[in-house]
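A single chain, nothing else alongside it, follows as C-alpha coordinates in the form predicted on its own.
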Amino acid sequence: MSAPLPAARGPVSELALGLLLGDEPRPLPLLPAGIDVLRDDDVQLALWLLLELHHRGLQGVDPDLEWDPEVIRLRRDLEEVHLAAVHELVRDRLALVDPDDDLSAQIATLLAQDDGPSVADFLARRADAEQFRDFLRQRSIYHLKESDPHAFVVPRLDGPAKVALAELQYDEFGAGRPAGLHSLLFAQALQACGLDPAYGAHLDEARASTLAVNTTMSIFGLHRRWRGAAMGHLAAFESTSSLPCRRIATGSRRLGLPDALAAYYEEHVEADAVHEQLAVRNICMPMVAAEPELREDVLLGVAACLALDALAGREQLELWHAGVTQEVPA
(Lines give C-alpha, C1' and ligand atoms only; values in the text may rest on other atoms or scores of the structure.)
Protein backbone atom coordinates (compact mmCIF):
# COMPACT_ATOMS: atom_id res chain seq x y z
CA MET A 1 0.00 0.00 0.00
CA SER A 2 1.27 3.48 -0.89
CA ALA A 3 1.26 6.40 1.52
CA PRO A 4 -1.54 8.97 1.21
CA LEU A 5 -0.59 12.49 0.20
CA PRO A 6 -0.53 14.82 3.20
CA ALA A 7 -1.36 18.50 3.41
CA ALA A 8 1.51 20.86 2.58
CA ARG A 9 3.21 22.59 5.50
CA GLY A 10 4.79 25.49 3.62
CA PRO A 11 6.31 26.55 0.28
CA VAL A 12 8.87 23.72 0.07
CA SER A 13 6.42 20.85 0.63
CA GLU A 14 3.90 22.68 -1.58
CA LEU A 15 6.55 22.72 -4.32
CA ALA A 16 7.28 19.02 -3.83
CA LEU A 17 3.60 18.05 -3.87
CA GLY A 18 2.99 20.14 -6.98
CA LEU A 19 5.89 18.53 -8.79
CA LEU A 20 4.66 15.07 -7.87
CA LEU A 21 1.17 15.91 -9.16
CA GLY A 22 2.29 17.29 -12.50
CA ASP A 23 3.07 20.96 -11.96
CA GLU A 24 5.86 22.59 -13.93
CA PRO A 25 9.24 22.41 -12.17
CA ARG A 26 10.25 25.46 -10.14
CA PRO A 27 13.48 26.26 -8.27
CA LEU A 28 13.72 25.44 -4.60
CA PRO A 29 12.63 28.52 -2.62
CA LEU A 30 15.41 30.29 -0.75
CA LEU A 31 15.39 28.87 2.76
CA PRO A 32 15.30 31.45 5.58
CA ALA A 33 18.64 32.31 7.14
CA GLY A 34 19.25 30.33 10.31
CA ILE A 35 16.57 27.76 9.55
CA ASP A 36 16.75 24.61 11.71
CA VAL A 37 16.36 22.16 8.85
CA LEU A 38 16.03 19.14 11.10
CA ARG A 39 13.09 20.68 12.97
CA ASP A 40 11.44 22.39 10.04
CA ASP A 41 8.11 20.73 9.23
CA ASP A 42 8.04 22.09 5.70
CA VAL A 43 11.50 20.92 4.62
CA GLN A 44 11.28 17.53 6.31
CA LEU A 45 7.88 16.72 4.85
CA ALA A 46 9.06 17.64 1.35
CA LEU A 47 12.15 15.48 1.70
CA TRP A 48 10.18 12.56 3.13
CA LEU A 49 7.74 12.67 0.20
CA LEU A 50 10.50 12.66 -2.41
CA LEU A 51 12.34 9.81 -0.69
CA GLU A 52 9.13 7.82 -0.32
CA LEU A 53 9.07 7.34 -4.09
CA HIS A 54 11.89 4.84 -3.52
CA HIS A 55 9.92 2.96 -0.86
CA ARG A 56 6.22 2.20 -1.40
CA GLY A 57 5.27 5.29 -3.38
CA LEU A 58 2.53 7.83 -2.90
CA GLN A 59 -1.16 7.57 -3.69
CA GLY A 60 -2.06 9.34 -6.93
CA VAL A 61 1.59 9.86 -7.93
CA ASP A 62 2.99 8.33 -11.13
CA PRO A 63 5.58 5.65 -10.19
CA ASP A 64 7.74 6.77 -13.11
CA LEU A 65 8.49 9.98 -11.19
CA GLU A 66 10.84 7.97 -8.98
CA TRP A 67 13.60 8.67 -11.52
CA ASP A 68 12.30 11.89 -13.03
CA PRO A 69 15.27 14.32 -13.38
CA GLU A 70 13.40 17.27 -11.90
CA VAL A 71 12.19 15.25 -8.93
CA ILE A 72 15.69 13.93 -8.35
CA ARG A 73 17.13 17.44 -8.63
CA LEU A 74 14.80 18.77 -5.94
CA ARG A 75 15.46 15.77 -3.73
CA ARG A 76 19.24 16.20 -4.03
CA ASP A 77 18.99 19.91 -3.22
CA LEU A 78 17.08 19.10 -0.03
CA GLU A 79 19.40 16.21 0.82
CA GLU A 80 22.37 18.57 0.62
CA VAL A 81 20.97 20.99 3.21
CA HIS A 82 19.75 18.10 5.36
CA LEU A 83 23.15 16.38 5.41
CA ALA A 84 24.90 19.65 6.21
CA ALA A 85 22.59 20.02 9.22
CA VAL A 86 23.26 16.44 10.32
CA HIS A 87 27.03 16.98 10.14
CA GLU A 88 26.68 20.10 12.26
CA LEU A 89 24.46 18.30 14.77
CA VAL A 90 26.98 15.51 15.39
CA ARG A 91 30.23 17.49 15.24
CA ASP A 92 30.71 17.64 19.02
CA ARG A 93 29.85 13.97 19.47
CA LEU A 94 32.43 12.90 16.90
CA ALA A 95 35.07 15.06 18.58
CA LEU A 96 34.88 12.71 21.58
CA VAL A 97 36.21 9.77 19.57
CA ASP A 98 39.87 8.81 19.99
CA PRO A 99 41.26 8.39 16.46
CA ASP A 100 43.74 5.78 17.73
CA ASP A 101 41.05 3.45 19.11
CA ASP A 102 39.77 0.53 17.09
CA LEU A 103 36.34 0.83 15.53
CA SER A 104 34.55 -1.15 18.23
CA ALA A 105 35.95 1.13 20.94
CA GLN A 106 35.08 4.23 18.93
CA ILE A 107 31.48 3.09 18.56
CA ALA A 108 31.39 2.28 22.28
CA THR A 109 32.61 5.80 23.08
CA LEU A 110 29.76 7.33 21.11
CA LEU A 111 27.20 5.01 22.67
CA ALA A 112 28.49 5.75 26.19
CA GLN A 113 28.16 9.49 25.63
CA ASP A 114 24.55 9.26 24.45
CA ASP A 115 22.60 11.92 26.32
CA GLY A 116 19.19 11.47 24.77
CA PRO A 117 16.16 11.69 27.09
CA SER A 118 14.53 8.38 27.92
CA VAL A 119 11.13 8.32 26.30
CA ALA A 120 11.02 4.61 27.17
CA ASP A 121 11.40 5.38 30.89
CA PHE A 122 8.54 7.87 30.70
CA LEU A 123 6.36 5.32 28.92
CA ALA A 124 7.25 2.64 31.47
CA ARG A 125 6.48 4.73 34.55
CA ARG A 126 4.40 7.81 33.85
CA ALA A 127 2.68 7.89 30.45
CA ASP A 128 -1.07 7.67 30.18
CA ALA A 129 -2.81 5.73 27.44
CA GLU A 130 -3.19 8.71 25.10
CA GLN A 131 0.47 9.63 25.43
CA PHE A 132 1.27 6.02 24.54
CA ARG A 133 -0.91 6.29 21.44
CA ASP A 134 0.76 9.57 20.51
CA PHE A 135 4.12 7.78 20.71
CA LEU A 136 2.82 4.99 18.49
CA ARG A 137 1.56 7.42 15.86
CA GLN A 138 5.00 9.01 15.64
CA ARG A 139 6.79 5.66 15.57
CA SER A 140 4.49 4.36 12.85
CA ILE A 141 6.38 6.45 10.28
CA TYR A 142 9.31 4.05 10.66
CA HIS A 143 7.87 0.83 12.04
CA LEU A 144 5.37 0.31 9.21
CA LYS A 145 8.39 -0.06 6.90
CA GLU A 146 10.74 -1.43 9.51
CA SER A 147 14.28 -2.20 8.25
CA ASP A 148 13.50 -1.19 4.67
CA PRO A 149 15.94 1.79 4.60
CA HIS A 150 18.85 -0.40 5.72
CA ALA A 151 17.91 -3.14 3.25
CA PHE A 152 18.97 -0.87 0.38
CA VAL A 153 22.57 -1.47 1.49
CA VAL A 154 22.60 -5.25 0.90
CA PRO A 155 23.72 -5.03 -2.77
CA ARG A 156 26.30 -2.40 -1.81
CA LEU A 157 28.29 -4.76 0.44
CA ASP A 158 30.27 -7.95 -0.12
CA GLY A 159 31.77 -10.76 1.90
CA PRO A 160 31.12 -11.23 5.64
CA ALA A 161 29.40 -7.85 6.05
CA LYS A 162 26.87 -8.70 3.33
CA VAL A 163 26.13 -12.08 4.89
CA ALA A 164 25.66 -10.60 8.36
CA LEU A 165 23.37 -7.85 7.10
CA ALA A 166 21.26 -10.42 5.25
CA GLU A 167 21.07 -12.49 8.44
CA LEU A 168 19.90 -9.50 10.45
CA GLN A 169 17.35 -8.48 7.85
CA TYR A 170 16.06 -12.05 7.64
CA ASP A 171 15.00 -11.74 11.27
CA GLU A 172 13.43 -8.31 10.74
CA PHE A 173 11.47 -9.58 7.77
CA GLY A 174 9.87 -12.47 9.62
CA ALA A 175 12.55 -15.21 9.47
CA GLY A 176 10.75 -16.86 6.56
CA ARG A 177 7.26 -16.34 8.00
CA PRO A 178 5.11 -13.60 6.44
CA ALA A 179 3.13 -13.41 9.68
CA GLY A 180 6.36 -12.56 11.50
CA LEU A 181 7.17 -9.42 9.55
CA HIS A 182 7.98 -6.80 12.16
CA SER A 183 6.14 -4.15 10.18
CA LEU A 184 3.03 -6.36 10.21
CA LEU A 185 3.35 -6.98 13.94
CA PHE A 186 3.47 -3.24 14.52
CA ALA A 187 0.42 -2.69 12.31
CA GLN A 188 -1.45 -5.29 14.34
CA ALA A 189 -0.42 -3.51 17.53
CA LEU A 190 -1.71 -0.20 16.16
CA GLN A 191 -5.02 -1.75 15.24
CA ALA A 192 -5.36 -3.41 18.64
CA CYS A 193 -4.84 0.03 20.24
CA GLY A 194 -7.61 1.58 18.13
CA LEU A 195 -5.24 3.35 15.74
CA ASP A 196 -5.24 3.24 11.95
CA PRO A 197 -2.72 0.56 10.88
CA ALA A 198 -2.56 1.67 7.22
CA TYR A 199 0.83 2.63 5.80
CA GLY A 200 1.38 6.38 6.13
CA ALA A 201 -1.94 6.91 7.93
CA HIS A 202 -0.36 9.18 10.56
CA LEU A 203 1.87 11.20 8.26
CA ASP A 204 -0.05 14.44 8.82
CA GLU A 205 0.65 14.09 12.55
CA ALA A 206 4.36 13.34 12.18
CA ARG A 207 6.55 16.07 13.60
CA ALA A 208 9.63 17.36 11.79
CA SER A 209 11.98 15.62 14.23
CA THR A 210 10.19 12.32 13.59
CA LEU A 211 10.50 12.81 9.85
CA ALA A 212 14.19 13.77 10.18
CA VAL A 213 14.94 10.43 11.87
CA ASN A 214 13.39 8.69 8.88
CA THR A 215 14.73 10.87 6.06
CA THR A 216 18.25 10.39 7.39
CA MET A 217 17.90 6.61 7.28
CA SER A 218 16.61 6.73 3.71
CA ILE A 219 19.34 9.10 2.51
CA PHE A 220 22.05 6.90 3.98
CA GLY A 221 20.51 3.73 2.58
CA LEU A 222 19.77 5.01 -0.92
CA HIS A 223 23.25 6.36 -1.63
CA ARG A 224 26.13 3.96 -2.15
CA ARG A 225 28.31 6.90 -1.06
CA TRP A 226 26.76 6.67 2.42
CA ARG A 227 26.72 2.88 2.86
CA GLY A 228 29.14 3.17 5.79
CA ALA A 229 26.91 5.72 7.51
CA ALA A 230 23.90 3.48 6.94
CA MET A 231 25.60 0.59 8.70
CA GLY A 232 26.84 2.81 11.51
CA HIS A 233 23.28 4.03 11.95
CA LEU A 234 22.09 0.44 12.06
CA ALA A 235 24.70 -0.44 14.69
CA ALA A 236 23.59 2.43 16.93
CA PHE A 237 19.91 1.67 16.32
CA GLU A 238 20.30 -1.97 17.36
CA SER A 239 22.66 -1.16 20.25
CA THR A 240 20.14 1.21 21.85
CA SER A 241 16.96 -0.77 21.25
CA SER A 242 16.78 -3.83 23.51
CA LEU A 243 16.46 -2.20 26.94
CA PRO A 244 14.07 0.57 25.77
CA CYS A 245 11.86 -2.09 24.17
CA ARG A 246 11.66 -3.90 27.50
CA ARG A 247 10.65 -0.66 29.24
CA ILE A 248 8.04 0.18 26.62
CA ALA A 249 6.52 -3.29 26.98
CA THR A 250 6.44 -2.77 30.76
CA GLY A 251 4.58 0.51 30.31
CA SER A 252 2.11 -1.07 27.95
CA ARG A 253 1.28 -3.80 30.44
CA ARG A 254 1.10 -1.27 33.31
CA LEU A 255 -1.67 0.55 31.44
CA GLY A 256 -3.46 -2.62 30.41
CA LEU A 257 -3.03 -1.88 26.72
CA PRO A 258 -3.65 -4.75 24.28
CA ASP A 259 -1.28 -7.72 24.45
CA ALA A 260 -0.33 -7.22 20.79
CA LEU A 261 1.52 -4.03 21.73
CA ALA A 262 3.64 -5.54 24.48
CA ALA A 263 4.23 -8.59 22.30
CA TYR A 264 5.66 -6.41 19.54
CA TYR A 265 8.19 -4.79 21.86
CA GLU A 266 9.01 -8.02 23.71
CA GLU A 267 9.83 -9.57 20.34
CA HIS A 268 12.61 -6.99 20.01
CA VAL A 269 14.16 -7.38 23.47
CA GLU A 270 16.14 -10.54 22.74
CA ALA A 271 16.35 -10.09 18.98
CA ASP A 272 17.91 -6.63 19.16
CA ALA A 273 20.48 -7.75 21.73
CA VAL A 274 21.66 -10.29 19.16
CA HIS A 275 21.40 -7.77 16.34
CA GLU A 276 23.66 -5.36 18.23
CA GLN A 277 26.52 -7.83 18.02
CA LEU A 278 25.75 -8.62 14.39
CA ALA A 279 25.69 -4.96 13.41
CA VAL A 280 28.88 -3.89 15.20
CA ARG A 281 31.11 -6.95 14.99
CA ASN A 282 29.88 -8.76 11.89
CA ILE A 283 28.87 -5.86 9.66
CA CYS A 284 30.70 -2.65 10.55
CA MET A 285 34.04 -4.12 11.57
CA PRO A 286 34.59 -6.38 8.53
CA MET A 287 33.26 -3.66 6.23
CA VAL A 288 35.81 -1.18 7.56
CA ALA A 289 38.54 -3.81 7.51
CA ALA A 290 37.86 -4.27 3.79
CA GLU A 291 37.35 -0.55 3.11
CA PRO A 292 39.17 1.52 5.76
CA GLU A 293 38.01 4.76 4.17
CA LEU A 294 34.49 4.01 5.44
CA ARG A 295 35.46 4.31 9.12
CA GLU A 296 34.52 7.99 9.42
CA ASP A 297 31.21 7.37 7.68
CA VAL A 298 30.37 4.55 10.09
CA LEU A 299 31.02 6.87 13.03
CA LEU A 300 28.92 9.56 11.37
CA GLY A 301 26.04 7.10 11.11
CA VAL A 302 26.34 6.09 14.77
CA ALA A 303 26.39 9.71 15.91
CA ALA A 304 23.53 10.69 13.60
CA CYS A 305 21.28 7.94 14.93
CA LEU A 306 21.93 8.92 18.54
CA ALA A 307 21.63 12.68 17.96
CA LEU A 308 18.45 12.54 15.90
CA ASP A 309 16.76 10.11 18.28
CA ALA A 310 17.68 12.46 21.12
CA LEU A 311 16.23 15.40 19.20
CA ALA A 312 12.95 13.60 18.56
CA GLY A 313 12.79 12.23 22.10
CA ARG A 314 13.41 15.62 23.66
CA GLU A 315 10.63 17.18 21.62
CA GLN A 316 8.28 14.33 22.46
CA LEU A 317 8.84 14.74 26.19
CA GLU A 318 8.60 18.54 26.04
CA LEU A 319 5.17 18.25 24.42
CA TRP A 320 3.96 15.69 26.95
CA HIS A 321 5.16 17.78 29.87
CA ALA A 322 3.28 20.72 28.33
CA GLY A 323 0.13 18.59 28.11
CA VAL A 324 0.26 18.13 24.33
CA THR A 325 -0.37 14.62 23.03
CA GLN A 326 -0.67 15.39 19.35
CA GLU A 327 0.65 18.15 17.16
CA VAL A 328 -1.00 18.33 13.79
CA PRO A 329 0.48 21.00 11.49
CA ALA A 330 -1.96 23.65 10.37
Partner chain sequence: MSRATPAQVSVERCPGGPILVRGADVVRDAGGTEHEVTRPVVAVCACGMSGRAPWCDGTHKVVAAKGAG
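Numbering follows the first chain given and starts at 1. Please read all numbers here as calculations on a predicted model, not as lab measurements.
One more form of this protein exists, namely the form predicted together with the partner chain; it is left out here, but the text below deals with it.
Asks: Tell me, please, which stretch of 70-78, 91-99, 167-175, 208-216 lies within 4.5 angstroms of the partner chain in the model of the complex when heavy atoms are compared?
Replies: Partner-contacting stretch among the options: 167-175.
Asks: With the cut-off set at 4.5 Å between non-hydrogen atoms, does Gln277 touch the partner chain in the model of the complex?
Replies: Yes, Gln277 sits close enough to the partner chain in the model of the complex that at least one of its heavy atoms falls within 4.5 Å.
Asks: When the contact criterion is heavy atoms within 4.5 Å, does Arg246 count as touching the partner chain in the model of the complex?
Replies: Result yes; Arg246 sits at the interface with the partner chain in the model of the complex.
Asks: Looking at the partner-bound form in the model of the complex, is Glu266 within 4.5 Å of the partner chain by any heavy atom?
Replies: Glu266 belongs to the contact set for the partner chain.
Asks: Is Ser239 close to the partner chain in the model of the complex, meaning a heavy atom pair under 4.5 Å apart or at it?
Replies: Yes.
Asks: Can you pick the one in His54, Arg295, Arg281, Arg39 that has a heavy atom within 4.5 Å of the partner chain in the model of the complex?
Replies: Contact residue from the list: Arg281.
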